[in-house]
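For reference, the chain that follows is the form predicted alone, supplied as structure tokens.
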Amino acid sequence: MSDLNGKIVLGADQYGKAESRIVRIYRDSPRHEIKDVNVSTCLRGDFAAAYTDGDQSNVLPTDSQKQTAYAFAKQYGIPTIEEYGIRLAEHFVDEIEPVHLARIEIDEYLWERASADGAPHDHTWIRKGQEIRTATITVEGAGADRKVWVVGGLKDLIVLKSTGSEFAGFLVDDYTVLEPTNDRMMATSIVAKWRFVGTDADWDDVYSQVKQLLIEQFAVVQSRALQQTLFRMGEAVLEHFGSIAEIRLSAPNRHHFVHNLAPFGLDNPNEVFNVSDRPYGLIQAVVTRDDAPPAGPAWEQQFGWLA
């Protein structure tokens, strides 16, 4: 093995404030409203001196980024996480001179209004547990050169079907012990992220419809494999929304194995299962259009950047 002798230089760099939890209550009327978000900010720009020389003169403190996120929640509210993220990212690019690119990653925790005495209560909620809504907004440049990428999404959407799934005809080698099946339970926890074309969208409406399309396809597709189901999910979303360029899906198998009850003289026709969460198959796919515009840095998220 030969040694490398090239000059050592700083490569790509970025920094930001991760996971600022913000709860915004709207008290404009007797019936209050709530937004509950987890906000991460990430900046790229002229920061090389901070790394090579410890020179902080171009560095906006991460605490300042956090305080901006809280202040904007008050000043402008959080009508949708996409709108809030765009405003926040544009602020960093426009107002902080060394910043060339800003990316805002947001998780939204959903709440539903509690009932009291048979009616919805004005200021009490119950946390909804179905999924976490997500958005990633990336803004680069200013003026006519500005580019904005918006990625909507969800995670932790747990779904299960008791039939309508099979797995057979797979490649077999010397270490294969899995038996083929034409009737199995299928369960997973869906992560989906979809990249918009432009920023002119009804964010809430698109989100609710995409979620419903994903669930419907999971339910109705006679699945020969989870891979097929993911493609059908993505295909349905792109067919319905011309404003979405691509969708990325990740789904771990949540294995349910028919438990052997024969030692007790009991038949078990796919009724009692043993659930195993590890190890699990991790199925991932990108479903895209062949004319999709370039993604630029849209997918280069803060977490997992070094992966």
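Remember, it's a predicted structure, so these values are computed and weren't measured experimentally. Residue numbers run from 1 along the displayed sequence.
The form predicted in complex with a small molecule exists for this protein as well; it is not shown, and the discussion that follows is about that form.
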Candidate stretches 223-231, 88-96, 74-82, 154-162, one within 4.5 Å of the small molecule in the model of the complex by heavy atom: 223-231
Residue 32 within 4.5 Å of the small molecule in the model of the complex, heavy atoms: no
The small molecule contact at residue 256 in the model of the complex, heavy atom, 4.5 Å: no
4.5 angstroms heavy atom contact with the small molecule in the model of the complex for residue 295: no
Contact flag, residue 203 vs the small molecule in the model of the complex, heavy atom cut 4.5 Å: no
Triple contact flag 167, 184 and 283 to the small molecule in the model of the complex, non-hydrogen atom at 4.5 angstroms: yes
In the model of the complex, the residue from 178, 114, 142, 219 that sits within 4.5 Å of the small molecule by heavy atoms: 178
